[in-house]
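One chain comes next, on its own, written as structure tokens: the form predicted alone.
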Amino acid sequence: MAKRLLCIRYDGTRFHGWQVQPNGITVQETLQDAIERLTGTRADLTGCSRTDAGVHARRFYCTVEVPDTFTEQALCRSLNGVLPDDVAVLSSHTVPADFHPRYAARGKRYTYQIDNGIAPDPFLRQYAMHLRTPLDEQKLNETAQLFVGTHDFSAFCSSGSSVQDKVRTVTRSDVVRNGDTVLYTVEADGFLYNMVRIFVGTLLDVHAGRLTVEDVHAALSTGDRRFAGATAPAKGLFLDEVWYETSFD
């Protein structure tokens, strides 16, 4: 058997997130079905993250053990031949037996799309949050800089998280506009449950006057969820990239 690191991308619209669960189809289950179809064995898959229902990924990494008769290239071709159209395998790399795609990750980048046109764009309906009210991207960007640095992000984590250490280092947090699309990009050494979506909700709440910059400072200093904003819808969120010590491009 060979341990392979798969780089995949998927449209999360119809999935109930990455991880297998009893009440809905997931990306992990879909990949397991495809691998079982090829090998005859129900394989365990370990992912680099646990994306929520409706969240998309441009580059997501997971490990699986397969018969070593499947070369790296053949595994990609074979999986893409049996996977549904909303999941694709970009690459396959042989990794050591003790490689863990989550613990080995050095950092991640997420983007969040907001459709800011007067009328919603039908082609973005599953991939962006629509807001008709005009957004000032410069004001949003100024607020976004408050997240940069090493902080306890407890206020930006949804309840239900079992993670004890909520200190993370954010190295990039910015907002730009491209036509009617407003794009938020954030990079960090790790993320908490719903952290990016709460970042977006906070930015929008400050922009709308429901929160103040002082509230954001209070959220960062106290860890009190009440000082942070709402959780933005999942459909606008993309896992863009995961970085490892070794490049797997």
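Here the structure is a predicted model, which is why all the values come from computation and not from measurement. Throughout, we count residues from 1 along the sequence that is shown.
Separately, the form predicted together with another copy of the chain exists; it is not shown, and the next lines address it.
*Asks:* So which of 86, 142, 136, 152 gets a non-hydrogen atom within 4.5 Å of another copy of the chain in the predicted bound form?
*Replies:* Here the answer is residue option 86.
*Asks:* Check each of 102, 177, 172, 125 and return the one that places a heavy atom within 4.5 angstroms of another copy of the chain in the predicted bound form.
*Replies:* Looking at the other structure, the residue within range turns out to be 125.
*Asks:* Counting only heavy atoms and a 4.5 Å cut-off, does another copy of the chain in the predicted bound form sit next to every one of 110, 187 and 207?
*Replies:* Verified in the predicted bound form; spot residues all out of contact, no.
*Asks:* Is residue 197 close enough to touch another copy of the chain in the predicted bound form, meaning at least one heavy atom pair within 4.5 Å?
*Replies:* Although another copy of the chain is absent here, residue 197 would stay clear of it in the predicted bound form, with no heavy atoms inside 4.5 Å.
*Asks:* Residue-level question: is residue 76 within 4.5 Å of another copy of the chain in the predicted bound form, judged on heavy atoms?
*Replies:* Close contact exists here: in the predicted bound form, residue 76 approaches another copy of the chain to within 4.5 Å, heavy atoms only.
*Asks:* Taking heavy atoms only, is residue 71 within 4.5 angstroms of another copy of the chain in the predicted bound form?
*Replies:* Judged by the heavy-atom cut-off of 4.5 Å, residue 71 is well away from another copy of the chain in the predicted bound form.
*Asks:* Can any non-hydrogen atom of residue 57 be found within 4.5 angstroms of another copy of the chain in the predicted bound form?
*Replies:* Heavy-atom contact with another copy of the chain at 4.5 Å: present for residue 57.
*Asks:* Picking from 214 to 222, 30 to 38, 199 to 207, 57 to 65, which part of the chain touches another copy of the chain in the predicted bound form when contact means heavy atoms within 4.5 Å?
*Replies:* Of the options given, it is 57 to 65.
*Asks:* Going through 1 to 20, which residues have a heavy atom within 4.5 Å of another copy of the chain in the predicted bound form? Please give them in sequence order.
*Replies:* Sequence-ordered list: 9, 10, 11.
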